[in-house]
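Only one chain comes next, encoded as structure tokens, the form predicted alone.
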Amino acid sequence: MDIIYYHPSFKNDTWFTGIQARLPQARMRVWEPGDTAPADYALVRTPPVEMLQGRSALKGVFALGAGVDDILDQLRAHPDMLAAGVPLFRLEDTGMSLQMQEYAVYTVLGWFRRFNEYQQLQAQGQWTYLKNHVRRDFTVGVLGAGVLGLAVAESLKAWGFPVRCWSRSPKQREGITFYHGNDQLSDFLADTHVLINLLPSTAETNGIINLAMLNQLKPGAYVLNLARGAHLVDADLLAALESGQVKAAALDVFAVEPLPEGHAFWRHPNVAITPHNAAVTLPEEAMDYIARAIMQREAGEMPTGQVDLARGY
């Protein structure tokens, strides 16, 4: 089989060595402009349009990340980029769930124990006792109940917090309260003390975390965005922080990355920033999934992780 590969920043040698060790029958090459030679599979991150255009013989395109919005954005502008019937796959987990769990648990426990406030008091030289939050009132709401959203919800449930999830369609999991659809969004937001965003990036979800949503949270709420910067209206979060409706926020993703030097988030005392590294692609785990998925395709089966192009995830 022939595999074409393109990634703007990954080291090619790691992927070539790893894939060929798992699939000895594979001939793998870096795609270069002008390469129209046959290929059975493509491994890509933000691929040039011409890399995939006209390749109707592809049995699968594997996005080297959990998100596929870069490819979907290109498809909207160039609908013929992906031939009809060619499946697109995303990395469903491949080690990302654990990383997201680590980030979420660390952040939520920090807010629950008010460590961020103690750090501010330390900077001011103040020895002050702060009253603890009450666990049963510290409801955590997760926007998005996909693989990553459910993993984060489960990890926080283990710490005894009341946990709820909201998704487009109904879901069920023991010990977690589920809401779905626009009709139940307000019920989900009511009394939510910590809002964690792990929604997919679609036209419907862009800008969803706005002032109207933030004002429905429990006063003094916390906001953690681990999905996409486009989900959040920056000015609305700043307004909610100013009014006290939101007490603090932790942001890993931004509408413009890197975050511009003059952005207000940089200097805000109640905003914590990380550089879009809450969960990164782990090559070994990703290659295990890709190799397994390719063997399933060769056997005429459909692997998990296929993207519904109409829904955007």
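All residue numbers refer to positions in the sequence shown, first residue = 1. In this text, all values refer to a predicted model and were calculated from it rather than measured experimentally.
Just so it is clear, the following notes concern the form predicted together with a small molecule, a form of the same protein that is not shown.
Contact check for Thr107, Leu189 and Lys247: none of the three has a heavy atom within 4.5 Å of the small molecule in the predicted complex. Comment: the small molecule is not present in this chain, but in the predicted complex one of Leu43, Ala279, Met28, Ala39 has a heavy atom within 4.5 Å of it, namely Ala279.
This chain is displayed alone, yet in the predicted complex one of Lys171, Arg114, Lys218, Lys157 has a heavy atom within 4.5 Å of the small molecule; that residue is Lys171.
Not displayed here, the small molecule is approached by Gly144 to within 4.5 Å at the level of heavy atoms in the predicted complex. Although the partner is absent here, Arg228 is a contact residue: one of its heavy atoms lies within 4.5 angstroms of the small molecule in the predicted complex. Taking the partner from elsewhere, His193 is found to have every heavy atom lying beyond 4.5 Å of the small molecule in the predicted complex. For the chain shown alone, Leu241 is not a contact residue for the small molecule in the predicted complex, no non-hydrogen atom being within 4.5 angstroms. Heavy atoms within 4.5 Å of the small molecule in the predicted complex are found in one stretch of 194-202, 127-135, 75-83, 209-217, which is 194-202.
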